[in-house]
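What follows is one chain in structure tokens, specifically the form predicted alone.
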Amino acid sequence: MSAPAKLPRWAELGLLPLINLGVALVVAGVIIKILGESPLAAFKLMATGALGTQEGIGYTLYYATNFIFTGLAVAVAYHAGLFNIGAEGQAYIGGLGTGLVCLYLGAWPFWVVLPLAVLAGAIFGAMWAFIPAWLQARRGSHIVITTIMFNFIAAALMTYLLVNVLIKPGQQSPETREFSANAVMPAAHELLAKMGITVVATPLNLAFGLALVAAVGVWIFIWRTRWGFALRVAGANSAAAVYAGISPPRIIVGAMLISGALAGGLGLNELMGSQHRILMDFPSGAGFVGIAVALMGRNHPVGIVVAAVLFGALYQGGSQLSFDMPKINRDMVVVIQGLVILLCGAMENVFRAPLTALFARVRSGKGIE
């Protein structure tokens, strides 16, 4: 019996996502045409707005930073056979940990505040992921259900804290006071200015570099350590993992702790790098976008970084599009983003079978009829 046909690795990681993305853009183009605008002009405007200027690039990478953290969070859990839908809540609570360090230890030197803020965000995010992980490992509760519920609990908890506990005295808006200067992440344009390079000021900051470091760390952990190997074995076949002496419950808890810690890194970019205070709903859906980023990036750090930049470009280019084309409002931009998420995430395997069949025919020498 011959082995089932498989896609070449380059097609699996590159061609299939490009086909999905292309179909999503074609569908979006049809909708734009129905609205009375030129699809080519709209996509050109999006590309120019996202990557055609220094400001556009800065904002694109700023958005991408959030998606790298949450995409990595989803990917680590996925390799353990878990579908972590709770990156949004984990990012929310992780950001709380980062924000508390910045609020109450901001008088300390920056080189002390930064590692403490990173550590606090990781610990708070990990602890928020621990309870769903423990419930699945020890009580059999499904991780998808518990992590979804914990997103709502995180939002309710943050609302209570910002309205009743952490709110700046004398103001109506549910947000904290501003962080001190020592608790603010250096902006990219400031760092480049010290090297004699002048660029436009944007929210892009040092957190982007930390996100890339996290991506490298995840790659080393998953593919170059015995713990990462055990995690992948447990995710692929729990029975084989038990036979090899690997404890699936420990893997579940460990993977979710790492996943939550990575999601907690979002606060470094949003709070320390941009807002400089804790405010309501600062993740802004990045935890859910991280699911599509991880799926489109095939749960590999390199693919996740590329997919995160793509979604960052969609966010920034979409803002430019809604500003310059009045018929395409912000809701329409969300529709375009949703189509990309749908076809590159939830429906990523729609074209896998025909593409696999095509490659099988080419290999057999039959060609394309």
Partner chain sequence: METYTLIVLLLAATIRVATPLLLAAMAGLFSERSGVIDLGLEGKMLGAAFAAAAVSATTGSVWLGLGAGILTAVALALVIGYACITHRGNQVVAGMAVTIMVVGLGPTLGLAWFNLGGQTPQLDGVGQRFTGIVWPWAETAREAPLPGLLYAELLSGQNLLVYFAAALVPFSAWIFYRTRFGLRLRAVGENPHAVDTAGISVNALRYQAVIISGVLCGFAGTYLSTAASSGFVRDMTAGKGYLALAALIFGKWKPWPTLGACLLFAFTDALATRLQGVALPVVGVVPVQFILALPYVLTVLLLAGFVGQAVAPKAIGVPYSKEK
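Small disclaimer: the values here were computed from a predicted structure and weren't measured. Residue numbers count along the first chain shown, from 1.
Another form exists, predicted together with the partner chain; not displayed. Remarks below refer to it.
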Taking 4.5 angstroms as the heavy atom distance cut-off, pick the stretch from 154-162, 225-233, 91-99, 110-118 that is near the partner chain in the model of the complex. 154-162
Candidate from Ile258, Val218, Ile252, Ile291 lying within 4.5 Å of the partner chain in the model of the complex - any heavy atom: Ile291
Which of these residues, Val302, Leu35, Ala47, Val26, gets a heavy atom within 4.5 Å of the partner chain in the model of the complex? Leu35
For Ala211, is any heavy atom within 4.5 Å of the partner chain in the model of the complex, or not? no
Just checking whether Ile145 would be counted as a contact of the partner chain in the model of the complex - the rule being heavy atoms within 4.5 angstroms. yes
Check whether Gln320 has any heavy atom within 4.5 Å of a heavy atom of the partner chain in the model of the complex, and answer yes or no. no
At 4.5 Å between heavy atoms, is Gly52 in contact with the partner chain in the model of the complex? no
Do heavy atoms from each of Met149, Val335 and Val350 fall within 4.5 Å of the partner chain in the model of the complex? yes
Taking the partner chain in the model of the complex, which residues of 76-93 have any heavy atom within 4.5 Å of it? Phe83, Ile85
